[in-house]
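This document opens with one chain alone, in structure tokens, the form predicted alone.
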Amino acid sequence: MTKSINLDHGSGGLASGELITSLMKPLSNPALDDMEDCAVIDTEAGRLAFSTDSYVVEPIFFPGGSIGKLAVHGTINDLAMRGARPLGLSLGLILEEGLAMAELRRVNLDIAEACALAGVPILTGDTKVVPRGKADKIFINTAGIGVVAAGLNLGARNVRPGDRVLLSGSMADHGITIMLARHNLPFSGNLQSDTQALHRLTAALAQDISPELHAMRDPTRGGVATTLCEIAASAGVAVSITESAIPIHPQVRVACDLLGLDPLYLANEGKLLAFVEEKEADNALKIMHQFPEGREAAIIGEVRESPAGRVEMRTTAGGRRLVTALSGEPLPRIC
């Protein structure tokens, strides 16, 4: 562990994992120790889901979305990955002195629109203002609560050998869009962020293929590669994926090639990975295809017994490539 925080600690990769593990030690409890993006708590009123996330993306407006839409979608999706039905969100705004009122109104309208389309309201909130130069326009924190059906138990530790790995759509759209927008790089591919809420898709999966649905995870920071590595390590299994089966838009591939980036490690903000028993994999794929947010879904791999914690990819060239978790920070502040 380094002596001070650096940008790598926010990448979602190895350094982030080490930081989170060290922070968790004095806070340890069963709900937190699961290391999921959302905690599920058994109460007298039923099973509650609770999650929180903070958003510092730059620029705050980008093709396909904004920091406001991202804040709503991100927390809804964290709840949805545990099979929760979102009930509502909190909204915390940290505003920098000098932020244009027009920009704040635009962010607020985006939040309202995203909540209305998702059917998940803002229930409470807070606003703070810091001096000029002490923030960067606007930072947002959202927390969310939801309910989980009795008997539904989704999590990385449930993944087992034989499971099929499904990806709900094209990867890397958000990460490459943010990079191009931030640096004003000219590109004619009409790239857009994939930010969207996934709770309707996850509800259909949980309803129709449970208990054969073992886990879901949205591959945000660190991308598909890092998410698969985390799940393989948590479940003590190996994961094998096929490069040719992974959906990726041609313009994303071209942009990544031009910039020397690997799309496996770039952030997604509207996609999910699902781990499903083999006998229900085709059914799960059909369910995904019924939703706009899953129309490009594909089965991209399978889970094997060993070597535990290993992720490998069968390449289009016919070889095998070891897939490791992200090390370093290719693009800070993507969410």
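Numbers for residues come from their place in the sequence shown, where the first is 1. Small disclaimer: the values here were computed from a predicted structure and weren't measured.
Not on display, but discussed next: the form predicted together with another copy of the chain.
*Asks:* Check for me: heavy atom within 4.5 Å of another copy of the chain in the model of the complex, for each of S170, A235 and P250, yes or no.
*Replies:* Not a single residue of the candidate spot has a heavy atom within 4.5 Å of another copy of the chain in the model of the complex.
*Asks:* Quick one: find which of 282-290, 61-69, 35-43, 302-310 has residues within 4.5 Å of another copy of the chain in the model of the complex by heavy atom distance.
*Replies:* Single hit among the candidates: 35-43.
*Asks:* Looking at N141, N158, S210, S240 here, can you tell me which has any non-hydrogen atom within 4.5 angstroms of another copy of the chain in the model of the complex?
*Replies:* The option sitting close enough to the partner is N141.
*Asks:* So which of I246, I94, L259, L152 gets a non-hydrogen atom within 4.5 Å of another copy of the chain in the model of the complex?
*Replies:* Contact check passes for I94.
*Asks:* Examine L87 and determine whether its closest non-hydrogen atom to another copy of the chain in the model of the complex is within 4.5 angstroms.
*Replies:* Output for L87 is yes: heavy atoms within 4.5 Å of another copy of the chain.
*Asks:* In the model of the complex, does A298 come within 4.5 Å of another copy of the chain, counting heavy atoms only?
*Replies:* Residue-level check for A298: no, no contact with another copy of the chain.
*Asks:* Would A197 count as a contact of another copy of the chain in the model of the complex, using a 4.5 angstroms cut-off between non-hydrogen atoms?
*Replies:* Although another copy of the chain is absent here, A197 would stay clear of it in the model of the complex, with no heavy atoms inside 4.5 Å.
*Asks:* Wondering, does I122 line up within 4.5 Å of another copy of the chain in the model of the complex on heavy atoms?
*Replies:* I122: yes, in contact with another copy of the chain in the model of the complex.
*Asks:* In sequence order, which positions of 41-56 have a non-hydrogen atom within 4.5 Å of another copy of the chain in the model of the complex?
*Replies:* The stretch touches the partner through I41, T43, E44, A45, L48, F50, S51, T52, D53, S54, V56.
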